[in-house]
Each structure stands twice: as structure tokens, then as C-alpha cells.
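Take a look at this single chain, the form predicted on its own, given in C-alpha cells.
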Amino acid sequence: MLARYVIPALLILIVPLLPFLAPWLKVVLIIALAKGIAVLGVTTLLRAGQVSFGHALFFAIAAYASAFLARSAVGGEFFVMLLLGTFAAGLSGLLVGLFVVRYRGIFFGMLNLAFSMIFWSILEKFYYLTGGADGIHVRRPTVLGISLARAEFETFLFYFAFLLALLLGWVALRFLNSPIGHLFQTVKTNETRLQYLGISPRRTLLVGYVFSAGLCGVGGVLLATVQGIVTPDYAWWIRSGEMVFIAVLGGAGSVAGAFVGALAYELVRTYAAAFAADIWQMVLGAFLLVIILFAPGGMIGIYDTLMRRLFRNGGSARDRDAESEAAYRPAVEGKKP
């Protein structure tokens, strides 16, 4: 089944060429990559059977931390903004996680939502600090001390976000396949077994929770940088719902699905808003409804199903005859006296 990886590999090779083939898609792709990295955090929690409806909290914390740094006397250096935003998101993930990992299911999801909405209220009310509903303008940062023009900066940001998405996708896979990752996923399947082994499910879930918060923070900094503004909407519950939407669209629990879903979401949203401005939300809703009803595994599930059918039907006649004989032989031998 190595052939099933050929198409994804080709797509990965094509993506870096898109800014030259379709320059107007550059910003859309950066936004899709930023959201894909954030959705990767939500996807990680889905592996543990937990759905967060408030991870926009860490998305917003990182975005505002980078915005405050950009307008401070220190100035805005992109890599410093990224590190600070990710650290702020991870630290807040640790503090919030100490409370939420005590709960499971709907209580876990709603408690995350409550923390997110509290932070949204703070952003709205502290106008002189956060700019209120108007938000904060994020000046274009320097890159290693070099000031780039807008077009050059967007090109840099695209390739950096692309490489970062590949790196963090690999890190997420390594985390989920590591010993701590397997313990993390056991929270979903058999939490009681962890307790019998003397392992704390709460501590295990907390490790994954902080990791997911950090991923959301990376996405928040990238989005704030490319859009040039941060607003309280970054922490609004719709942003958290959008992340869950994308995770389900791409394939719940799939690392690759986080990026496939984000890309599909942004393309559909962009073109639906352009050609059907009054009903683009309905178009997105219908798109997700079709996926849920006919492909619960998401877009990655559709691809895997097509690959299985393709290679099953495309096998050689000798392989099909061998499979038929193997299935027929036990039935014949069972009839012998």
C-alpha cells in the first residue's frame, strides 16, 4: 500500500509552487496553514477522546502576546514573537489544564468554552489595554533584523508556515506514537487500566493538553502576523467551533486531516463568500453535513476508502484467484467426512 502515499507526496511537492502558479492564493494558503497548525492541537485531544470547544483561548493569548511585543519599545522580531506567543499559550495551557483535566466528555468541552469566553470578555472590556472590539494593529515584524516589503514578507511567511506545518505534523505523529502518546490515547480507551498501572490519567492528559495549547499558540501568532490585526474574535466561541469543524471535516483524529480540512475550509469559505456572499455559511454547513452523513472519517477517510477500493479492484488476476481459493478451501474441507 505504499502507492497510497504517492498522491500526498506529490501534493506536498506542488504546494511550494502555488505562490508562482496562483499568486492570489498566497495569503489564503498562509491562513490555511496557520489554522491547520491550530487544528492540529484540537486533533491531538481528539485522540484522547476529548473535544475542546474553547481552544481559541490559546489561539488568542498567543496572538495578543505577539501583538503586545510588536508594539512595545523592544519592537517586533518575527521569531521572538513566535517564541513568546507559543510560550504564553503553553503556560496558559498548563494553568487551565490543571482544572479541566479533572473532567471528561461534555464537561471537559464546556469548561474549556467557559475559560475562553471569560478571556473574550476581558479583551472586550479592557479597551485601553486591548483596544476592545477594534483590536490591536500588528506591525509587520522584521525577520532576523531585516525589514521586508509586504510581498517579500508574505512569501517568506508562506514558506516558513509550510515548513513549520511539516515539522509540527511530524512532531505530533512522534508524540502520538511515543510511550507518553500511547498512554495519552489510553485515556480514551481504558482510563481505569492506567490507574491500575499506577499512572495518573490526569497528568497524562495534562501533558497532551499543554502540547495542544502550544500548537494553537503557533497558529495564533501566524494568523495575527499575516492579517496584521488581532481582535477579541480570536477568542470567541465561533473560532473554537471552527477548529472542531475543520478537524471533523479533514478527519477527526487525523494529523494530515487537520491540514487537509483547513485548506478545504479556507478555499470553500473564500470562494463561497466571493460568489455567494449572503449564503456562504449555509454552503459551509451543507459541505460539512454531507461529509458527516456520507463520510464520517472525513476527507482523509474518503481518500483511504478510494485507495483501498482502487488497489483491491486493480490487483492481478492471479492475486484474485489466490484470494478466492483461500476463501473456498476451508468451506470444501469442512464438508469432508
Partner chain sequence: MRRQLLMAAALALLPATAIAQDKPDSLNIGIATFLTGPASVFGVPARDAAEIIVERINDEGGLDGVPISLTYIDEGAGGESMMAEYRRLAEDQGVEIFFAAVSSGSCGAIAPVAEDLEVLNILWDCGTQRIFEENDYKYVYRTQANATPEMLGALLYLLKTTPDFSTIAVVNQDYAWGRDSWDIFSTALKAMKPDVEVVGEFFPAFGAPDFSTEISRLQALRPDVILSTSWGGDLDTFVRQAAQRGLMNSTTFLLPLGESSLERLGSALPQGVLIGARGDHYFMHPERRDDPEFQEFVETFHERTGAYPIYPAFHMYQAFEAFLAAHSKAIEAGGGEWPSKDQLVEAMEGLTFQGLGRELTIREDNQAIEAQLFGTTVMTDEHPFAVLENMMIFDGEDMTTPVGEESIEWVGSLTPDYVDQVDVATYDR
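Residue numbers count along the first chain shown, from 1. Since we're looking at a predicted model, the values are computed, not measured.
Just so it is clear, the following notes concern the form predicted together with the partner chain, a form of the same protein that is not shown.
Comparing 213-221, 156-164, 260-268, 83-91 against the partner chain in the predicted complex, the single stretch with non-hydrogen atoms within 4.5 angstroms of it is 260-268. Mapping the unseen interface onto this chain, residue 125 counts among the residues with a heavy atom inside 4.5 Å of the partner chain in the predicted complex. Residue 143 falls outside the set of residues with a heavy atom inside 4.5 Å of the partner chain in the predicted complex. Within this chain, residue 22 lines the site of the partner chain in the predicted complex, having a heavy atom no more than 4.5 Å away.
A residue is said to contact a partner when one of its heavy atoms sits within 4.5 Å of a partner heavy atom; residue 139 meets this definition for the partner chain in the predicted complex. Along 212-236, a non-hydrogen atom within 4.5 Å of the partner chain in the predicted complex is carried by 223, 227, 229, in order along the sequence.
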